[in-house]
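One chain is shown next in structure tokens, namely the form predicted alone.
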């Protein structure tokens, strides 16, 4: 019995060794060809985190499913076996210890990176943002409005911002929970009724909603019947174009 378990264990390890590189190759390919565009410094950090977790998740999926599929195929009950099922209480220690060790290692690694490392990077970017452009964002069922206090612009239905400059979005809700999200920026902030919250984002690509639908403000919190239509146009433009837009809003 013990010899058979060792054989099964080695076979499972061999299958892992074959499938994991193949799966990881597919992961690299899908990230290069299928991953949505990213247009902010913060989005690059979240992309790094998500792609790392993507790699880990695929590996864990293979680690979990291979033993189950192997056992179901190799140790399946013959069709002519009419005996009652037996209770098996025997544990194979090498497999148990390997499984426990790999689980602890994966959880520890993910906690440190991208967990703690990614959060520190986001906090550092926010702390280093000197004199950011301030935009007040108000969400209410089911529309957005944007105000630029320093520029004297109030309640604009369009979010227009300059590229390569840190922007401090101060968000609040006039009614229920919402979530401020521009998909191409790869990060979002929840709007909690009665609370004022903020998030710093640095766009890195000139883009508009007409050019890329991912460059739009979209509520990502199910806030009622009109949730899906709670959108706003985004324009990320050059500094010169932004100043011209600000000047045009003064009249």
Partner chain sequence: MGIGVWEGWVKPSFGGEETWINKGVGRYFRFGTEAKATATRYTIFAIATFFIAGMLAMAIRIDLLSPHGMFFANKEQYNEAFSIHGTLMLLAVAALAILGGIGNFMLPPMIGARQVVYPKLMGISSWFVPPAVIAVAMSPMVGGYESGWMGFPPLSTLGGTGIIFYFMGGATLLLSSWAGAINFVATMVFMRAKGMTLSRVPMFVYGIASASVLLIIFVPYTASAFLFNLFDMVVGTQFYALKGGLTLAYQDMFWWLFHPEVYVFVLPAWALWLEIIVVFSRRSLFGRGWAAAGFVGIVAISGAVGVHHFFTQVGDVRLPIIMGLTEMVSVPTGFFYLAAIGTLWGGRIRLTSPMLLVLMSMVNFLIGGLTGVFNSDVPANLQIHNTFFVIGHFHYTILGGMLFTWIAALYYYFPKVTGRMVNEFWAKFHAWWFFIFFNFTFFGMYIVGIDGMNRRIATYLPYLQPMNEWISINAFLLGAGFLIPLVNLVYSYYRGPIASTNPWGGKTLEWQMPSPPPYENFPFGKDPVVVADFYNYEENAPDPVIWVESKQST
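In this text, rigid core is short for the largest set of C-alphas that superpose within 1.5 Å between two forms. Positions refer to the first chain, counted from 1. Since this is a predicted model, take the numbers as computed values, not measurements.
Beyond what is shown, the protein has a form predicted together with the partner chain; the following relates to that form.
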{"item": "Residue (of 176, 161, 135, 153) lying close to the partner chain in the predicted complex, criterion heavy atoms within 4.5 Å", "value": "176"}
{"item": "Contact of residue 130 with the partner chain in the predicted complex (heavy atom, 4.5 Å)", "value": "no"}
{"item": "4.5 Å heavy atom contact, residue 39 and the partner chain in the predicted complex", "value": "no"}
{"item": "Partner contact for residue 83 in the predicted complex: the partner chain, 4.5 angstroms, heavy atom", "value": "yes"}
{"item": "Partner contact for residue 228 in the predicted complex: the partner chain, 4.5 angstroms, heavy atom", "value": "yes"}
{"item": "All of 23, 126 and 172 with a heavy atom within 4.5 Å of the partner chain in the predicted complex", "value": "no"}
{"item": "Heavy atom within 4.5 Å of the partner chain in the predicted complex - qualifying residues of 211-234", "value": "213, 214, 216, 218, 219, 220, 221, 222, 223, 224, 225, 227, 228, 229, 231"}
{"item": "Residue shift check between this form and the one not shown, rigid core fit, residue 12 Cα at least 2 Å", "value": "yes"}
{"item": "Core-aligned CA displacement of residue 80 at least 2 Å between this form and the one not shown", "value": "yes"}
